[in-house]
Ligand code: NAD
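Let's start with one chain on its own, the form predicted on its own, as structure tokens.
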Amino acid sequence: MDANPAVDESVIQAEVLVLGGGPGGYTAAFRAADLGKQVVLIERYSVLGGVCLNVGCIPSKALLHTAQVIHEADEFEQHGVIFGKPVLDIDKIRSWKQSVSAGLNDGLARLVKQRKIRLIQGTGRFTSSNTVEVQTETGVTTVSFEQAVIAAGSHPTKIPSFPHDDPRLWDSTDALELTEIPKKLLIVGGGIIGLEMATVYHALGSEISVVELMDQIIPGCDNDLVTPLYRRIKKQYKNIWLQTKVTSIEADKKGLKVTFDRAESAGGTSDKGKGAPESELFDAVLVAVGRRPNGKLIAAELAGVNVDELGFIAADKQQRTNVPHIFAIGDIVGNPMLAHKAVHEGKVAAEVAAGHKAGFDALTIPSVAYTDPEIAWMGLTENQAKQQGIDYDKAAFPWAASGRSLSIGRKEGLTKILCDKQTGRILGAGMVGTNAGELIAEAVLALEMGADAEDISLTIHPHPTLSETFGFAAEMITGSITDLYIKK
């Protein structure tokens, strides 16, 4: 008998296996490696970064910046700076967008090598509670692991009755390919993803219509934050149909025929849905009605991991699933499906796997819509405070009183703060306006540190900046504001 049998090279041993190389997955892999673990990272695509880096957050922000430049050039004519009508080279715009993602892809690849992580390109599925089978281009590889982190992400929701084999029917990935600029584009879903793509394609020349089932755009956000955006795009877009649903989409030689129905059951008594036609023809339709987790696609049940009917995998504060040595993070564990949530969960999972005491205990997860104007919010929304019967003080500082906002030709924004009526502590905050997404971090830190309105109002903010609107809103709570007159 051979005392040294040949090692089966198709079986790879891992202390920590990470399934999925998106923001949460690569973060978990990097942190586990930094803590001394031998890590194997499985990613189905040829580059790391997942949806966010390759077909989501990053390329969309590159295109949104393009849209911002186009809009600003157009709007500054009234201020005496006149540019010619922009000439769009779609191929160059697409190449620039792709170069942004490629540069970050290269950086991640270097970090994998520096940390001596074994990266396997292929599609992974569990075969037991300690093994994953990976289908690669060259065959099947089995990875045996001591601990695993599931970071398999999500995919765009598809409505079964729609003609998905028609190239004129898009999801968000298709929209970011920028293969064409349709003359008439319908956005199905008035949430963040749909409205960001509407911003891009409007700037590039498409006639935009938006249809949303609920009675406001970005339904999870407070109406007073949404209103400045709604008023602006109402003037820019051909149609915004609220409380309206799409009942069918049919392929036609001349376009996609979309049939609408007023959604009386959506709630409210608004007449915003009136005016929607019975049907209309569009050159392209983007369906942006949410995302679904990939829990059903990885055979997690063969590892004993509980997966619900929607594909979500439950995890505790240490990101453990019901199988103690298997963790789950990111979109697959539940909403909000945001990269920055996944990153923090990835660090927690890696630290717990390495024997450290860690837990996900963030007091809030900020949300940002990178529209024009941007909307950002964190903590308790006003809608939630009312539903929960929480006694709060509210202040909303109008950006029409901000020198910085006026100096960039924009005045529609506002900054809102909610504070506990008894203690003054920050409960929530939101901004709508230019660069709102950059401003919300101060509010998040204030909430995490237990700051109250006085702490914020006594913090000297640089002038003139948009950031000082947060300080002004706090001064409205404490009654010390001088930039506005508030009758006692």
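So that there is no doubt, residue numbering starts at 1 and follows the sequence shown. Since we're looking at a predicted model, the values are computed, not measured.
In what follows, reference is made to the form predicted together with this ligand, a form of this protein that is not presented.
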Taking any heavy atom pair closer than or equal to 4.5 Å as contact, tell me whether G255 reaches this ligand in the predicted bound form. no
Although the partner isn't part of this model, could you tell me whether G194 comes within 4.5 Å of this ligand in the predicted bound form, counting any heavy atom of the residue? yes
Indicate whether this ligand has at least one heavy atom within 4.5 Å of a heavy atom of V343 in the predicted bound form. no
Given that this ligand is not shown alongside this chain, does T244 nevertheless sit within 4.5 Å of it in the predicted bound form, heavy atom to heavy atom? yes
Stretch from 115-123, 380-388, 315-323, 283-291 whose residues place a heavy atom within 4.5 Å of this ligand in the predicted bound form: 283-291
In the predicted bound form, do K61, G190 and M214 all put a heavy atom within 4.5 Å of this ligand? yes
So which of L88, I181, M337, A358 reaches within 4.5 angstroms of this ligand in the predicted bound form, heavy atom to heavy atom? M337
Selected contact from W170, Y370, F145, F397, since only one has a non-hydrogen atom within 4.5 angstroms of this ligand in the predicted bound form: Y370
Heavy atom within 4.5 Å of this ligand in the predicted bound form: which residues of 144-175 qualify? I159
